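The form predicted alone is given below as one chain in structure tokens.
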Amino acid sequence: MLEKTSPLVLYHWPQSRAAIARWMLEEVGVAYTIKTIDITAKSHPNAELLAVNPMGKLPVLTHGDMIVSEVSAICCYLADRFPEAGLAPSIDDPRRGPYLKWLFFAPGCIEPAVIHKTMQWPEGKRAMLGWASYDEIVKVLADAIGNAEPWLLGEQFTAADVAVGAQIRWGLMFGTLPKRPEFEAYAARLGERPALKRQMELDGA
């Protein structure tokens, strides 16, 4: 049986989605080790990374013999594995539904819609896509963030705020999301979190 005390290892490169997973680890507050994977190297993806993720993508988290890839899956796993951190509603909490929706809305809707617009790809058959149009997603996101008091589930900060918050922070930084006041206020609140500050300092180093 996997123990909580089994070593946590994050396959990581600072300028990648792995930074989100590192932020989540800092929010959880458990010890972990970084295994740096240089995604700019000619040898990328190397055999070591392919052994844990055949797609050769970051991040990947190992916890003893457990392997988890995909950012939101890693956030979900950590929140459930370490419930004492208070980063997820319990399985029988009515807020569990909205929590899971927002946790996976980030990579499943926000990111593809932003990439679709940024790359100026043709719309094609909208019904075939798993996400709405960019404008519709921005509206849904703005409505939710505008009602965040102060977080998506209210007073409780959760892994969903990590996943969605990273998309908003990056969107504002790179101009792929509009500088709406609700987005900027939410990003400012996130910026005050000690765990995010630690992640930025560590990755900056």
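Numbering starts at 1 and runs along the sequence shown. Fair warning: this is a prediction, and the values are worked out from it, not measured in the lab.
One more form of this protein, predicted together with a small molecule, exists but is not displayed; see below.
> Flag this candidate site as yes only if 116, 133 and 137 all have a heavy atom within 4.5 Å of the small molecule in the predicted complex; otherwise mark no.
Result no, not one residue of the spot touches the small molecule.
> Does residue 56 reach the small molecule in the predicted complex if we count a contact as any heavy atom within 4.5 Å?
Residue 56 belongs to the contact set for the small molecule.
> With the cut-off set at 4.5 Å between non-hydrogen atoms, does residue 39 touch the small molecule in the predicted complex?
Judged by the heavy-atom cut-off of 4.5 Å, residue 39 is in contact with the small molecule in the predicted complex.
> Just to confirm, residue 88 within 4.5 Å of the small molecule in the predicted complex by heavy atoms?
Although the small molecule is absent here, residue 88 would stay clear of it in the predicted complex, with no heavy atoms inside 4.5 Å.
> Since only the chain is shown here, I'm wondering whether residue 44 would be in contact with the small molecule in the predicted complex (any heavy atom pair within 4.5 Å).
Judged by the heavy-atom cut-off of 4.5 Å, residue 44 is in contact with the small molecule in the predicted complex.
> Within 4.5 angstroms, counting heavy atoms, which one of the listed stretches 156-164, 139-147, 175-183, 63-71 is next to the small molecule in the predicted complex?
In the other structure, the partner sits against 63-71.
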